[in-house]
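Just the one chain here, laid out as structure tokens, in the form predicted alone.
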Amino acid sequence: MTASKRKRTAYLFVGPFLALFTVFFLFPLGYELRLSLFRNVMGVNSFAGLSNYRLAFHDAAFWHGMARVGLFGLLQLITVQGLGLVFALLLDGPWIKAKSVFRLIYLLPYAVPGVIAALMWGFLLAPGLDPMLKLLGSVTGGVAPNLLASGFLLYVIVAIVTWEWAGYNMTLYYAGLTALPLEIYEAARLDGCTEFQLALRIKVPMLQTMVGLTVLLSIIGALQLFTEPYILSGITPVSPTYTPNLYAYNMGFNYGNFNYAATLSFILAMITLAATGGFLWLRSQRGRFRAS
């Protein structure tokens, strides 16, 4: 095959991705940027330059939402990645016999759509609907605890996301573990390595690439948090600025300020790109440091 034919073949394979990437990412992002440079005054869009961005950078509600999303991302990294890794190591060890059954049980929550999961958890934790909460309230001699109150809502969302995604990450980690050479395990056991030492010193370090991928996906998912607070807002009071995504949605579709909503969305997109790029850069620097 000549070089020109190889190029045409490469473009043939890459072409569909580039087309979809342009239509569903680059074009909306460009349109969003254009929309953010205008302001609607009396029904007429007039050029506003960077005034929307100056307003956004001084918008305390937006940055409080970003801080809340940052805390959520940190908590769900610990719970989702930690439980997923623990489940995978347990399945790969000698302790669990019916491995296929446990894999199915752990993965089942991932098959539940996020909207359904948020509704289900919302009704389970609603003080007036959950009989267990009513029983707890009667035992303690007071009213049933409201776990959906503003002070607990973030942790409820972390629990929902953990329930949904821990099994998915477990599947990725378990697939990575089953792909490791068995000779390494056998050599470690011959050297007197226990199962705990085998997991901690051999399996976990060899899963670094897979862990990096899941952490990257978690960072992107955390910054895009929308479904759970939006669905729970129909069950319990949730601030319209609870997350940046929710703030942009409400600003556009409830308040009709599409220009400012586009501004918030574009800033969030840039923060997401910066966070993912920063994470990939840190991983590359760590790899260079270890190589040297």
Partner chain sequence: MTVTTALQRQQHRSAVGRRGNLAKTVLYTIVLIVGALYFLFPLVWLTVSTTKTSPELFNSSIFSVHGQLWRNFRALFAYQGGIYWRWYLNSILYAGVTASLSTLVSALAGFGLSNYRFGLKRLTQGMILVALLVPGSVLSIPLFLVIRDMDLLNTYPGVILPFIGSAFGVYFMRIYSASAFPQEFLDAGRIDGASDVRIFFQLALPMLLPGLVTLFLLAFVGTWNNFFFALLVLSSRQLYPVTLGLANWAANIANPSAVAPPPYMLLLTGALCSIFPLLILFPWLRRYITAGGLTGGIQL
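Source: prediction; values computed, not measured. Positions refer to the first chain, counted from 1. Whichever C-alpha set is largest while still superposing within 1.5 Å between the two forms counts as the rigid core.
Absent from the display: the form predicted together with the partner chain. The rest refers to it.
Ser284 falls outside the set of residues with a heavy atom inside 4.5 Å of the partner chain in the predicted complex. Shown alone here, Gln81 lies farther than 4.5 Å from the partner chain in the predicted complex, counting heavy atoms only. Contact check for Gly73: every heavy atom lies farther than 4.5 Å from the partner chain in the predicted complex. Using a 4.5 angstroms limit between non-hydrogen atoms, Lys99 touches the partner chain in the predicted complex.
When the partner chain is considered in the predicted complex, only one residue from Val215, Leu107, Ile202, Leu154 comes within 4.5 Å through any heavy atom, namely Leu107. Only one of Ser51, Ser239, Asn40, Thr227 lies close to the partner chain in the predicted complex, with a heavy atom inside 4.5 Å, and it is Thr227. Shown without its partner, the chain has Phe87, Leu90, Leu91 in segment 68-91 as residues with a non-hydrogen atom within 4.5 angstroms of the partner chain in the predicted complex. Core-superposed comparison between this form and the one not shown: the C-alpha position of Leu190 differs by no less than 2 Å. When the rigid core is held fixed, the Cα atom of Gly278 travels less than 2 angstroms between this form and the one not shown.
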